[in-house]
Structures are given as C-alpha cells and as structure tokens.
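What follows is a single chain, given as structure tokens, in the form predicted alone.
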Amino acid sequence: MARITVTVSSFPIACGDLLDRLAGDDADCGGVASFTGQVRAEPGLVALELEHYPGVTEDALTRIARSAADQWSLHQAIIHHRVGRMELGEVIVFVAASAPHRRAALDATAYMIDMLKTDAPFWKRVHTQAGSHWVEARDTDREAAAFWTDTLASEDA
C-alpha cells in the first residue's frame, strides 16, 4: 500500500526536503516526479491568500492522493498545500509521486495537481494594488480535471 502524506499549513513549504523524502527512499522506484506551484507575478498582483475548511480539505486531498496511488500503483504520494497570505514567488503547493516507472509518477503528479484545483475546498483571494477580491476556479482548471475524469473513465470501460 502506498504511503500518502498530506499537509495543509500556513508555513513555507520546504520542497527540497519533501523531494528528498522520495528520491532514493525506495530502490524499487525508478520514477520520482514533482510539481511546485508558486505565486506568479501578474499585473497589479501584490499577494494571494488561501483559506480552507480544516479537516475537510485534508480529507479531499487524501482522497485525491489515494486515487492516484491506486490508479498508477504508486509507492508514495505527497501533497503539501499552503494556506494564508503568500507573496509573489512564494510556494503555494508541492505535489510528488514515486513509482516503479517514470510515466506513472509523471501522470500521477499531473492528475493530483489538476484534481486538487477543483476538488479540494480552498478559497482564493487576490490582493492587488486596487484592492482585494475572491476568485472562482478557472475554466482551464475544470477542463484539466475533466481530462483526467474522462481519461480514467475510458480506461475503465
């Protein structure tokens, strides 16, 4: 059974330490993949703020990681998500997977990041030079999640 690690925290994410947990940890894994998301500079953006529903958010992220682990026979899956206020360039999320083969690790990592954008209860507020406002999930996020839902459904058929 895969080892699943899910963390939601207001503290900075130590991506290197998390990746080091996977790399070299299991000689049966030839593939370790990761994704790091950070606050990108956009016109007028000063900071980003994320809120979550404690307990419910962690459960949702665990379901996503477990689904990936089952689908791609992962040995480990990590999702570490930040909440609170984050400045430009700060890390928001780190997702990683280890598997016997690279394609499984890469696909599982892509799946986890795409699914958490729509299936985990986070609320995003952007702070700009003109003020602050809450934002909804983007159509591109929903399309990315739908890709995996459709792909996995067609494989099961």
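For every residue, the number given is its place in the sequence shown, counted from 1. Predicted model only: the values in this text are computed from it and were never measured.
Omitted here: the form predicted in complex with another copy of the chain. The next part is about that form.
Highlighted residues Pro12, Ala68 and Arg85: none comes within 4.5 Å of another copy of the chain in the model of the complex, counting any heavy atom. Although the partner is absent from this view, Ala130 stays clear of another copy of the chain in the model of the complex, with no non-hydrogen atom inside 4.5 angstroms. At least one heavy atom of Ala23 is located within 4.5 Å of another copy of the chain in the model of the complex.
Another copy of the chain in the model of the complex comes within 4.5 Å of a heavy atom belonging to Leu19. Another copy of the chain is not shown here, but in the model of the complex it comes within 4.5 Å of a heavy atom of Gln38. For the stretch 27 to 54, the set of residues having any non-hydrogen atom within 4.5 angstroms of another copy of the chain in the model of the complex comprises Ala27, Asp28, Cys29, Gly30, Gly31, Val32, Ala33, Ser34, Phe35, Thr36, Gly37, Gln38, Val39, Arg40, Ala41, in sequence order.
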